[in-house]
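The chain below stands alone and is given in structure tokens; this is the form predicted on its own.
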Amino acid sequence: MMIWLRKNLFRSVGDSLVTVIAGSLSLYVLFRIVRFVAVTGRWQVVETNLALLVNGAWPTDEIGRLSATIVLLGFLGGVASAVAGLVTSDVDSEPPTLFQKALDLAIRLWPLALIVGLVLLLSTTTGPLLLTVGVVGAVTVGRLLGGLLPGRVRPVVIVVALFGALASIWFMSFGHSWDDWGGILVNFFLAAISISLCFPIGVILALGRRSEFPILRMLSTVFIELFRGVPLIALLLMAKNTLGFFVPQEFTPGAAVRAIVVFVLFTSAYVAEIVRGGLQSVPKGQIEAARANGLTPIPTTFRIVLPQALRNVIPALVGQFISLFKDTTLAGVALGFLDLLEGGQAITQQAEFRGQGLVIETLAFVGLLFWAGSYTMSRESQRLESKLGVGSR
């Protein structure tokens, strides 16, 4: 230990000074954070408005529909994760033990576990605890059932699980319109739907931009450059204020649909450029070898080139999706959603909390929720990269 410290932190007088100064500042910052969280922070504003921050103004009589949908999504996610893990896992590796699985889950999902524990700690009812138990049970059952499925149906199961998740979200809108959703629920909803739609559209645009057909290449290029050159907030404001001039009022979509369309169009342009970079990274020898074996252009693209391209750009794709998740707060500003950020600012103006300077506490809670979601996506991306061997030969 002493050798490591001397080699890495106290190698010279300059290194020692930097280590002492940086260490002192780090300890001071850590002390202030712990003191704020445990002593000086006034968390009553978060505890009182916990339901508003999590699910917005969701009706109390419809909370059962929301809970059932979340449990169903947990089950579908468990099935899809088990099937995806079986598809990408190495058949020659030894199966992990139960302890190794538990340790892996703890390392991967500890930010989400921290958020769930914090919500349960602040909650004054047993509803969140029962929902947590139900979701954990549903995910466990889904993973067990997914592991029993035969290999030939696994890709189909992933597609069915995706459409089942979209159908369950649509089912939620029957009791409470999308435009009335709020809290972190609307942020996750907008991000999940937009990511699911923008990825295939971005792949098609990337292939179109590299197409040998001039018209298809030109249309794809115009679309990509147009939406990449306009700020996202400008597109959201245009969707709110100018759409009514071109579409009759009875056909004008709601605010949630407008936000999804804008996010999909905007992000798909960036995804297309990321995928195009991945396509360019595939050596030409791969295409020549496929043609030498008698493959036509379409099988060559979808069986040889595209899988390698997507594998190479996983970090950039996940980074774009994380950015999309955080950009969902712009929908609250531009389209009037009471999302997590807007709700966090609104609760400080309540009569019992107005003028008390509680914006730091609310923004800290909001930032923690967004950090947990973004960090988890990043860690899962790194895990997928490791399993697929990204960056290794």
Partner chain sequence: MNSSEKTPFWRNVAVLRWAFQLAIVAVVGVIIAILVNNLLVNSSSQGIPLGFGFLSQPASFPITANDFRDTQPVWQAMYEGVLNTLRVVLVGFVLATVFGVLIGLGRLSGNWLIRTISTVYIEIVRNVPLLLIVIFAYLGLVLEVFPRIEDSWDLAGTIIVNGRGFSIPWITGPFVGLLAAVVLSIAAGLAVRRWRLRVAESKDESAYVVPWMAAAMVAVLFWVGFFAGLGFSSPSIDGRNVVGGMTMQPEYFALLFALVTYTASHIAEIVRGSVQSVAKGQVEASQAMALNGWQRMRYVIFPQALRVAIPPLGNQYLNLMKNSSLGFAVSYFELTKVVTTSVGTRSPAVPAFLVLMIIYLIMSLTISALVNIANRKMEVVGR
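Superpose the two forms; the largest set of C-alphas matching within 1.5 Å is the rigid core. Numbering follows the first chain given and starts at 1. Every value quoted in this text rests on a predicted model; they were computed, and no experiment measured them.
The protein also exists as the form predicted together with the partner chain; that form is not presented, and the subsequent description refers to it.
- Interface residue remark: S26 is counted as part of the site for the partner chain in the model of the complex, having a heavy atom within 4.5 Å.
- Among heavy atoms of P248, some come within 4.5 Å of the partner chain in the model of the complex.
- At a distance threshold of 4.5 angstroms between non-hydrogen atoms, I360 is in contact with the partner chain in the model of the complex.
- In the model of the complex, the partner chain stays beyond 4.5 Å of every heavy atom belonging to P155.
- In terms of contact with the partner chain in the model of the complex, the residue from T69, N55, Q44, T329 that brings a heavy atom within 4.5 Å is T329.
- Contact with the partner chain in the model of the complex, judged by any heavy atom within 4.5 Å, is made by just one of G367, G64, G336, P59: G367.
- In short, of 189-197, 235-243, 139-147, 69-77 it is 235-243 that has heavy atoms within 4.5 Å of the partner chain in the model of the complex.
- At a distance of at most 4.5 angstroms from the partner chain in the model of the complex, all three residues V18, R228 and Y270 contribute at least one non-hydrogen atom.
- Of all the residues from 1-31, those having a non-hydrogen atom no more than 4.5 Å from the partner chain in the model of the complex are W4, K7, N8, L9, R11, D15, V18, T19, A22, G23, S26.
- Superposition of the core reveals a Cα shift of 2 Å or more for P297 between the shown form and the other one.
- The Cα position of I274 differs by 2 Å or more between the shown form and the other one after fitting on the rigid core.
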